[in-house]
Ligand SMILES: Cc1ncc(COP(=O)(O)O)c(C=O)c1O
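A single chain comes next, written as structure tokens; it is the form predicted on its own.
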Amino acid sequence: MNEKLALYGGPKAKPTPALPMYPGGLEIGDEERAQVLEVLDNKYLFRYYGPANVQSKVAKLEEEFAQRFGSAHALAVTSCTGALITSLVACAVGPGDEVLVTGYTFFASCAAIVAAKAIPVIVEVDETLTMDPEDMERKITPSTRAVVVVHMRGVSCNMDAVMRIAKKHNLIVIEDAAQAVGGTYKGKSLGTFGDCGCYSFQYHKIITAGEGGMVVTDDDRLYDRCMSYHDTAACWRPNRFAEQRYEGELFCGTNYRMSELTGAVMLAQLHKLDMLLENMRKNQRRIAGQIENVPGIKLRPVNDPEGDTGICLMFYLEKKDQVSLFAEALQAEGVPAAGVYNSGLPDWHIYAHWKHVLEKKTPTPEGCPWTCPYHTGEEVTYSADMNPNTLEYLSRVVHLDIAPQMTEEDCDMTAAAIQKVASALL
């Protein structure tokens, strides 16, 4: 006989408190404090100049980040959104261009395309909940200039297929690794396959300074152009007032420069990345190993299990109408699980709720980029049901965060709760 669910008055399978999913945030301590105090003591708050002749924390972060991720260049910015816009502009994506992006990602991945004055084209995800390479290729038109591939919820896209298609159609590849900092695909760091890779240090991300981002690239010219856009004051140039050294080096940009205080926190956080990844992966494997054969549950397939950051556990139920009750029952057992897609609850991670794009909303009445005369292809249209496979997959998924601070006992009780609920409801 099935054990009585906590939802109906039975004992909780996991009575210990749930941990918030701030992997790096919960590890902030003496290392971050020392780095920040050094900046304050030196009164050196701006990376390009200050009262003390000391090394910039931001410059040091860029150096160590590039080395850790195996990239020729790293550029610290204010956010991953800033990183995406900087990358798109540096790659000369702009008016008249279409850019592919998946319909399961935070809205910023799409908004950055519009900010670069290009038109987003929304692509299906496959069962891995990352870009479906077949739909990616179907949606390429003569106006397609680039693709933003999102390594969603800690795992990689199928980069072999993405890069093959991109090369075939001469597309720029921008990687959004905001939710997969430190993840890999076949041993290579996510963010280092395409023309530019973008990362987030927002507080919910693996390593954090509350806000912040990074661009990586192996291309010297792209690095220069990223520098130019992120710092329109041109403080980075050997002579900021000199003529451009080559065509396309200088143009109007913005200010996405990272502050020294943010850089100081991130230096300490970067040193903790491998520890956080190791703990999340260990915890994820411990839970997954105990539920992988539970009837009625299918673990989310991933393109490279070894490269999964381990930030979450996602599994499919057979029917979407099972998800809500299953998640509610897990919550009652002490496991903060949730369904991913509910058409009645807005979530900016799912394209069906991107009213800004679906309704082509713009800050001025001209309607650019959708009305841009440089766009000579067919009109790009949207609807909430335009990517049915994406909505079908997401509607059947249950999601659990995997905090690196979980103990083995926490993991075992979480697995027991999933087994208990599945036994009762599936």
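All residue numbers are counted from 1 along the displayed sequence. Keep in mind that this is a model prediction, so the values were computed, not measured.
This next part talks about the form predicted in complex with the ligand, which is not shown.
Shown alone, this chain has one stretch from 314-322, 194-202, 276-284, 221-229 that lies within 4.5 Å of the ligand in the model of the complex by heavy atoms: 194-202. In the model of the complex, none of the heavy atoms of residue 75 sits within 4.5 Å of a heavy atom of the ligand. Heavy atoms of residue 130 never reach within 4.5 Å of the ligand in the model of the complex, leaving it off the interface.
Contact check for residue 236: no non-hydrogen atom falls within 4.5 Å of the ligand in the model of the complex. Contact between residue 105 and the ligand in the model of the complex is found at the 4.5 Å heavy atom cutoff. A heavy atom within 4.5 Å of the ligand in the model of the complex is found for exactly one of 109, 189, 158, 208: 109. Residue in contact with the ligand in the model of the complex (any heavy atom within 4.5 Å), chosen from 330, 264, 84, 123: 84. In the model of the complex, 176, 178, 179 are the residues of 159-188 with at least one heavy atom within 4.5 Å of the ligand, listed from first to last.
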